[in-house]
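Below you'll find only one chain, the form predicted alone, shown as C-alpha cells.
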C-alpha cells in the first residue's frame, strides 16, 4: 500500500480530534476524504505531513514508517494545504524552484521538473508571472504543480478548492483524477459532496472516526451521497 494509517489517535487537550483511525490507500488510487468542518481532516493531514506527531498509531508512506524514517516517508509525499502558501513576490517558476531546492533538486534538473509540472497544469505561459498577479484558480494550480515537482508517490489535497469558482474547482478536480490515473495516489479532503465522483472511493470522517468506506455510488444507492452524508454526520454538506 502507498499510504497506511493504523489506529491513529490525536487530541487537543480533552477534545479527541482523531479516534483510532485506520485505512490504507492503494497505488494510483483516488480517495475522497469527506467530512464536515471539524471532522478531523486537517488534523489528519498535519499528522501525515509531520507538522504534528501522533502519540498513538502508525503512519507509513510508500513503505516508510513516518516515525522511524521520516525523511524517506516525507520525500514520497506532496501536499496542497487548505491555506495558500505561495510567495506572492516570486514568479510562478521561482516558487517551484524554491520548493524543488528543499527536496534537493537544483540546476537544470530542477528547472526541467518545474517546466514539466507547469506544462502539466497548463501554466507554462505563466512561468514568469508574479504569483500575486495570478487568479485564485491559477494560484491553486501553481501550488499543485509545486507539490508534484519531486514526483511524489502520494499527493494530499486539503480542501483545495476553497474560495474558487465552479470552473476552477472542476479544473483542479479533473487534474487530481488524471494524476491518479497516471499512478499517483491521491487523498482529497473536502466537505463538499459535489466534488466526489460516483466512482471515487469515499471515506466519511466525523468527529475523528471513520463512519463509512465505500465507492460513492454505493453509499448513495437508493438516495444521494449528500443525503447519506447528512444521515451519517447530522451536519450540513
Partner chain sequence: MSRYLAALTAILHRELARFLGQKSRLVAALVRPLVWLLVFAAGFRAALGLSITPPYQTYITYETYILPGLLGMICLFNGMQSSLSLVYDREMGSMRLLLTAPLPRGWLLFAKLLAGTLISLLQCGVFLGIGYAWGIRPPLVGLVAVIPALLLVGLMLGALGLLLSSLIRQLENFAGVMNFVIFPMFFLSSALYPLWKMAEASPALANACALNPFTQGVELIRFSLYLTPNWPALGWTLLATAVFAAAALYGYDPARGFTRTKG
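Residue numbers count along the first chain shown, from 1. Just so we're clear, the structure is a prediction, and the values are computed from it rather than from any experiment.
Absent from the display: the form predicted in complex with the partner chain. The rest refers to it.
This chain is displayed without the partner chain, yet in the predicted bound form the stretch 89 to 97 from 89 to 97, 161 to 169, 123 to 131, 108 to 116 comes within 4.5 Å of it by heavy atoms.
Of the residues given (58, 209, 50, 64), 50 alone sits with a heavy atom within 4.5 Å of the partner chain in the predicted bound form. Taking non-hydrogen atoms only, residue 42 approaches the partner chain to within 4.5 angstroms in the predicted bound form.
Taking the partner from elsewhere, residue 103 is found to have a heavy atom lying within 4.5 Å of the partner chain in the predicted bound form. Although the partner is absent from this view, residue 135 stays clear of the partner chain in the predicted bound form, with no non-hydrogen atom inside 4.5 angstroms.
The partner chain in the predicted bound form is not approached by residue 29, whose heavy atoms all lie more than 4.5 angstroms from it.
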